[in-house]
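First, one chain by itself in C-alpha cells, the form predicted on its own.
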C-alpha cells in the first residue's frame, strides 16, 4: 500500500485513491487550513492559505528531497513516499501573511455579522494569524446587494475564494454568479437579468467561508453559538438527504446539509432547506379530540362544540375500544412515518383486528425527478419512507397494497372503521376523496393540519413533523438512515411512535432503538439495522444480497 508521511506520521492510502495533501493530512488527523478548496468543486488554488512544505522520500535509500518552495496542498497530489510538513516556521509565517492580507481591507464587523461563530476567517486568524495588526485601521463600508430571492451578498466581506461561482457552474449548472473586474477591484456579482434563483441556491451560503453570502431566511435570527445541532434526515422527498437541524428552545432556525457520500454528498435543495416552517405554523393541530357518531356526521350540521378534547392517557384505551367495537379495520400507513412507527402501527392494527387491511398511505408526487450537472437529484416523490413502509407491510402480508387499493376497499363496504395516518406538510386530499370514508362507524385521522378528511373524523389526532420524531427512514435507493428527535413537539402533542408504543402495552418511554433491534433480529430484510447505525446509514438492498 502507498505510504504518505504527514508531519513524521506514516499513513496508508488506497492504491487507486487520488488524494491531495489536504485529504491525506486529514487521514493523519491534521487539518490544513484552506478557503477556496472544497472536495465537491474544482481546484483553483487561489487563496494560498493551504501552502505547505512537500517532498519525496526515496524508496531505496530513505532520503527525503523537499521542494524548495511552498506548494498549495489542495493542488498537490500525493503518492507513495510523499512527505508533507504542515507546521514548519516557513508554513506558519506564510499562513500569517495570507491572513494579514485578507484582513487589511476586510470589514471588522463581526458583532453584526451572521457568520460570527462559524467564520473561517475569524477562526484562522486566532489560530494562524499575527498577534498585532501592522496596517492602519481604515473606515469600512458594508455594501449589501440582493443577488437572488433567498441570498444577500455583503460585498466587502468577500475574500474571493470563488466557491459560489464554481458551484453555480459545476453543480447547479445555472451559472448565475461571476467575477467582475480584476485585481483589487474584483467582486462577485450576478449576470444582469439572471438572479441567483436556482433550486440549489442556498448551498452557496454554506460554501461561503466568511460572511459574504447571507441566507435571508436566517439573517439576524439567532447567534450560531446559541443553536443546538442534531443530525437529522430531510423529510421533503424520497432522496432522504442527510441534514443538520439547528434549533434553540424547541424552535428550528435553519437546516444545513450533512456530508453523506452515499446519499446527498455535500448538498441539499432549497425546497428541503426551507421546508421546516410548517413545524411552527399556527394552524397546526395540537389537541386530540373525539366526536360521537359515524364518520362524516359533522359535515351534516353537528357543531364543532360536540367534539370532546381528551388527554393522551385516555386516547390509548378509548381509541382501541372504539376500533374494536366498529369491526373490520382498514389502515393507511403513511410514508411520513418511520420504519419503527410503521411496524408498531401495523402491530396495533392486527391486535385490534387480525384481518385488518393494511396499505401504504398516500404518496405525494410533484413533477418528475430533476438531476443537476453535479449529480444531485431532487425527487418528485415528496415523502421520505415509502420503501421502508412497503418493507414493513410485506412483513404483515400486505405488501403491494396502495392508497388507491385502500380507497377501493372502503368504497366496496369491506371496512367499517379506518385509521388514516398522514403527517403531510401540505394539503394532500380533496373533498371527493375524503367522501369515500363517510358513514364509517369509526374514522381515525392523524395529521398536521385540518383537511376535508379530518373534518369527517371520529378521532382527530395531531401528528408530528420530521424534526419531532425519531427512527429510521429508507430512501428511494433503499438506503436506511436512523436519526434522533431534534426538537420536542408542541405542548400536548404525542409523536405517533409514543402513541403506538403505549397502545402495544410497552413499559417506559418510547424507545425506537429497541423497536429497531427487535425488527433486525426478527425480520431478515431489516437485519442490517442491528446494533449501532453508522452516521451515513446502510444500504439495505446491498446487505440483503450479500
Partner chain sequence: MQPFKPVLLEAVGVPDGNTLASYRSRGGYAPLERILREQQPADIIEMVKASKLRGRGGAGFQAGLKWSFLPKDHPGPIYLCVNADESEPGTFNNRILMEDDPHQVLEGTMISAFATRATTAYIYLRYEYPHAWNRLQAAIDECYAAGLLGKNIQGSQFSLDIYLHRGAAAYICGEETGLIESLEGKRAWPRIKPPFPAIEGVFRKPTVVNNVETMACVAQIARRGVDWFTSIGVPADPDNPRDPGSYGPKLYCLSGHVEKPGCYEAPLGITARELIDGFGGGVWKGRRAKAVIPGGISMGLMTEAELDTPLDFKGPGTVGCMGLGTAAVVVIDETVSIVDFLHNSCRFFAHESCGQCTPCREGTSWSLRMLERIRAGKGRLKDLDILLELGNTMGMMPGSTICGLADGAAWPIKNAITKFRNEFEDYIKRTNPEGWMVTDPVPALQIVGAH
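Positions refer to the first chain, counted from 1. Computed from a predicted structure; not experimentally measured.
There is also a form predicted in complex with the partner chain; it is not shown, and the following applies to it.
Just one of 108, 366, 101, 435 comes within 4.5 Å of the partner chain in the predicted complex, counting any heavy atom, and that one is 101.
Only one of 184, 131, 412, 313 comes within 4.5 Å of the partner chain in the predicted complex through a heavy atom, and that residue is 184. Proximity to the partner chain in the predicted complex holds for all of 51, 159 and 180, with the criterion being a heavy atom within 4.5 Å. In short, of 184 to 192, 396 to 404, 316 to 324, 424 to 432 it is 184 to 192 that has heavy atoms within 4.5 Å of the partner chain in the predicted complex. Taking the partner from the other structure, the partner chain in the predicted complex has no heavy atom within 4.5 Å of any heavy atom of residue 277. Taking non-hydrogen atoms only, residue 97 approaches the partner chain to within 4.5 angstroms in the predicted complex. Contact annotation: residue 69 falls within 4.5 Å of the partner chain in the predicted complex, judged by heavy atom distances. Contact annotation for residue 47: at least one heavy atom lies within 4.5 Å of the partner chain in the predicted complex.
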